[in-house]
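Coming up is one lone chain in structure tokens, specifically the form predicted on its own.
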Amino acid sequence: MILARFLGPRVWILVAVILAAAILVPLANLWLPADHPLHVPSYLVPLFGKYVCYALLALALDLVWGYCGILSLGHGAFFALGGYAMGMYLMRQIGSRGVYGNPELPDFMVFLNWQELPWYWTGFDQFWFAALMVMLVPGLLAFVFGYFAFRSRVTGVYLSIITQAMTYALLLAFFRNDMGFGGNNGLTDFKDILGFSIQADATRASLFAASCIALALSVLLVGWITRSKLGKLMVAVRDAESRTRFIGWRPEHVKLFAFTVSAVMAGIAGALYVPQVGIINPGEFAPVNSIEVVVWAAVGGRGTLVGPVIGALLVNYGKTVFTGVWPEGWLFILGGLFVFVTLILPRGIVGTIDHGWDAIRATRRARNAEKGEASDSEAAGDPRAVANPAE
């Protein structure tokens, strides 16, 4: 009960909806016959799973942007690094079933005449090691990057620029064939995950459920952080960093914590994304991907837990629809959407609704207060109220 009151009803409703989807979508796909009106086709399950991973990525960005004031344009890098860590594990599971039949080297290494597996691929034949790297690699990069950036008091647009420079540098690096990550083609042709066929309907449904569970746990984690004393300090750093520093706090430590946790969440989202889409390549590092994440959070409403999730789901559903109807015009639609939200709905969907409800409640309280004062005046025999009761 204490935890329920601490997080608030909205968080628990969101968690309940996510967990319900984790149960109902797999059941509708696996148990209901194909001719049933509620049946979910198999091709939609990984698509829905991709949406959920994007929602987790948007929530990760919202932790640093909405609550800490850090506009990161490089979160796509953390997402891609988590995806590559999972992709390396999946490549190691192929074994001798590849095109060239090499039990140790992935096909692209055989094609490029690699003689042995690079040292940084060691351990990725074990799932626990890959899961550890999914969190450790993005988290370590964010910690090192954030330590030097925040210690140097880089803020605002300058911080946004260097985060985008970071992801662009990684894009160029992963494009190189000699990096050992598949170059332009990336990692693909996955077979198994934890011994189960990655193409099986049950595996896809399980991956969708795992994505939903990860999103629900992340909502609880972010809700706990933002509603704690640390969360209040994050908001103070966002709204008045100089004043927060003046009264004795270290804003760089607060920013570093939020940035690192956010990067780990983004890495987990990338790791869940890769087996559902079946590929990871350097294109995931593209700066435009990180900008899209900002659009998702802005559309839904940054500084809220529900907003980024809703924004990611709505924008990506629109992307699916419009890229099928008008593929060359999607980027124009996305840009126009961002401009519209910035000028017309600066608080986003959820933020605008909350602001409207707050205004309505404030008006009601003012009216009730006026009625209460009028009643008190009449009860006390105020001569003004008796002389002119219509006022």
Partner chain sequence: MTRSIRWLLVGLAVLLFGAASASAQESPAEPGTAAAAQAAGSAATSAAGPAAIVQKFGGKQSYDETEAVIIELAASGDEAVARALRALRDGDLYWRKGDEAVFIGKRQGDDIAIFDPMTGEPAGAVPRGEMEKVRIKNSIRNAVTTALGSLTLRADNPAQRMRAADTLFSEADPEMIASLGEAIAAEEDTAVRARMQEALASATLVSDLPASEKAEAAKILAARGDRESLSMLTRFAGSTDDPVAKKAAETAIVAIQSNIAFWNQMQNVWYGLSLGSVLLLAAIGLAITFGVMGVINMAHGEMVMIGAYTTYVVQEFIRTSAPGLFEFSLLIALPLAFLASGTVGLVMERFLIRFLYGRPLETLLATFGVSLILQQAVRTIFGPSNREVGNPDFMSGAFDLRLMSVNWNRLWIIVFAMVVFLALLAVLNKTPLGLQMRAVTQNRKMAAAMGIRTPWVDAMTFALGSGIAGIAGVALSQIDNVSPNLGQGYIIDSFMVVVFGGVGNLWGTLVGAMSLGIVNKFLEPYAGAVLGKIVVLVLIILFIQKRPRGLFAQKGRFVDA
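Residue numbers count along the first chain shown, from 1. Values in this document were obtained by computation on a predicted structure and should not be read as measured data.
There is another form of this protein, the form predicted in complex with the partner chain, and it is not shown here; the text below is about that form.
Q.
If the cut-off is 4.5 angstroms on heavy atoms, which of these, Phe111, Tyr158, Tyr317, Trp119, is the one near the partner chain in the predicted complex?
A. Spelling it out, the residue with a heavy atom inside the cut-off is Tyr158.
Q. Using a 4.5 Å cut on heavy atoms, which of Phe148, Phe196, Trp128, Tyr100 is close to the partner chain in the predicted complex?
A. It is Phe148.
Q. Should the three residues Leu90, Phe124 and Val134 be counted as contacting the partner chain in the predicted complex, with contact defined as a heavy atom within 4.5 Å for each?
A. None of them does, since no heavy atom lies within 4.5 Å of the partner.
Q: Work out which of the listed stretches, 283-291, 263-271, 102-110, 76-84, brings a heavy atom within 4.5 angstroms of the partner chain in the predicted complex.
A: This holds for exactly one stretch, 283-291.
Q: Although the partner chain is absent from this view, report whether Tyr168 comes within 4.5 Å of it in the predicted complex, heavy atoms only.
A: Close contact exists here: in the predicted complex, Tyr168 approaches the partner chain to within 4.5 Å, heavy atoms only.
Q | Ala366: touches the partner chain in the predicted complex, heavy atom cutoff 4.5 angstroms | A | Close contact is absent here: in the predicted complex, Ala366 is far from the partner chain, nothing within 4.5 Å, heavy atoms only.
Q) Are any of the heavy atoms in Ala200 no more than 4.5 Å from a heavy atom of the partner chain in the predicted complex? A) Ala200 lies outside the contact set for the partner chain.
Q.
Contact with the partner chain in the predicted complex for Val277, defined as at least one heavy atom pair within 4.5 Å: yes or no?
A. So Val277 does not count as contacting the partner chain.
Q.
At 4.5 Å, heavy atom to heavy atom, what parts of 327-347 sit next to the partner chain in the predicted complex? List them in sequence order, or say none.
A. Glu328, Leu331, Phe332, Leu334, Gly335, Gly336, Phe338, Val339, Thr342, Leu343, Pro346 sit within 4.5 Å of the partner.
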